[in-house]
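Below are two forms of the same protein chain, given as structure tokens: structure 1, then structure 2.
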Structure 1
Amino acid sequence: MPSTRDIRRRIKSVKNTAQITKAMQLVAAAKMKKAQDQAANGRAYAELMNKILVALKESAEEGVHPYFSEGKGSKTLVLVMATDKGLCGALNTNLLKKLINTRIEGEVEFVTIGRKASQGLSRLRKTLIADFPVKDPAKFAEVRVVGKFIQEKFLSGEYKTVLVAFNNFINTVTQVPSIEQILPVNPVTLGGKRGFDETPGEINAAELPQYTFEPGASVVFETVLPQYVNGTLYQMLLEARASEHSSRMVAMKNATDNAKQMLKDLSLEYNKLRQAAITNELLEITTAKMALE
């Protein structure tokens, strides 16, 4: 049975831990608001650009641009976006589980953003060909380097498709691990509230305006499509960062609440032990007095 001294030490330790988790919760909450605003602001543009290009893909002539057709290779390249730091709940674990449980045909090679992604894939003995450090908050220039690397790999003909695994931000308490195909151009789902059985509908090219390309479709696509890839990757990273800070804020809040509950339990146990010790002392005094009479 622990002594009162041991319980006092535990109370002091839990109090210190609660102060740390509370501070981390406040920091994560401040970062979360900025990250959520960034993700929400860019989502409409990214989704509209994706919708237009998917529709143009259906109506474009065959061979107008390599991004509209699968690569000649048999391998698949997967970009995994995870966090650099931990203490964000099961965010990274759920993403890796989603990646493992998703059936991807053929040989798969990986590119990562975030230390937790590279560490997790190394433990799983996966083939990792590149790891890109991207600071927080994310800057478009850093993501453009990743986009250029992925596009060069796809255009080399070594890979059939390019996928991106990231955490899709829904709201503060809900982040969904997602795997989306970015090359060749494919419908991409980014964040937002969705029903449990809601799936992205098919895009009908006839419903969109008819576009005129000057000087020509191939020239326009040569400029727009690389920008689309970079922009979509940037938006996916913003979704992942909003998910990270939201998950960390919730995890630290839960840790702080658990610490407070533990302090209550320890204080109750400490008071019970003190009461028992005082009662024993009173009994000893009373017994000694009665023996002397």
Structure 2
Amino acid sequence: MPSTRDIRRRIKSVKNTAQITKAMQLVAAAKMKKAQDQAANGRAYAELMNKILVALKESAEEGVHPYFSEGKGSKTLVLVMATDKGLCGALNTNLLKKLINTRIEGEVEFVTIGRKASQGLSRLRKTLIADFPVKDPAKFAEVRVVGKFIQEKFLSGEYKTVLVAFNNFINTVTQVPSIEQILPVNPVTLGGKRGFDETPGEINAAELPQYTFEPGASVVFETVLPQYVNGTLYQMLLEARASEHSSRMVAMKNATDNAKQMLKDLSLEYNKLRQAAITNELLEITTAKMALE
């Protein structure tokens, strides 16, 4: 049986923990809002990009660009977007689990964004070829560097395909670990609705004006594709960031709730103990008095 002093000490420490988790919850909520706004801001870019891609698809010869065909090599490159910090529930674990359970043929090499990804993958003894730090909130310039890197790797012909693993943000309580192929670009879905964001889907090619492409559709196509890949990567990272913050917010809310429940139980126990001590003392006094009579 713990003494009242022990319980008082525990109550104090649980209270402190609750305070910290509550603060972290509020911070995560604010950051989540920001991340979602950022994703919405980038939508205008994605929209126009899609429009031009649809128009280009009509006019340009397809399949000539190296981005449309698989690389000669047999290896697969996987870009993993995880978080830098922990305390965000099972987010990173789920992503890594999904990665392990997905069968990818041939040799697989990894590029990571976020400390948790590189840590987790090196613990699994995977081949890690690069790790990019990306600050929060994510800057496009930083993502462009990652995009350039993986595009160069792909063009070197060493890899067959490039995949991206990230947490897709559905809503505050649901994040789905997803693996999407980014290279080679799928010409069918190009410019269409992507599974992971809310860019308005179907654009009817017939409704678009007859653009003149300067200097020519194929040249424009070639310059647009790398930008399309970078833009897509950036959107994916924003999704991953929104997932991170909402997942952390939910995890911290649960922690706060648990701490509060614990406080309730502890104070109940504490009160019981105190009452028992008082009753005991009263009993002793009465017994002593009766013995004297």
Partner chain sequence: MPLKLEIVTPEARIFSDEVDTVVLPGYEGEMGVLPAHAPLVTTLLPGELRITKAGKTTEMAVGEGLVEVTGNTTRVLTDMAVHSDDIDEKAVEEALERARHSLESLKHGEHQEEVAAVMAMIQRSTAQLHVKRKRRTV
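Definition used throughout: the rigid core is the maximal C-alpha set that superposes within 1.5 Å between two forms. These numbers come from a predicted model, not from an experiment. By convention here, residues take numbers in order along the sequence of structure 1, the first being 1.
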### Query
Between the first and the second structure, which is the form predicted alone?
1
### Message
Using the rigid core as the reference frame, would you say N94 shifts its C-alpha by 2 Å or more between structures 1 and 2?
### Response
no
### Task
Superpose on the rigid core, then tell me if the C-alpha of S218 is displaced by 2 angstroms or more between structures 1 and 2.
yes
### Message
After core superposition, I'd like to know whether I52 moves between structures 1 and 2 (criterion: C-alpha shift of 2 angstroms or more).
### Response
yes
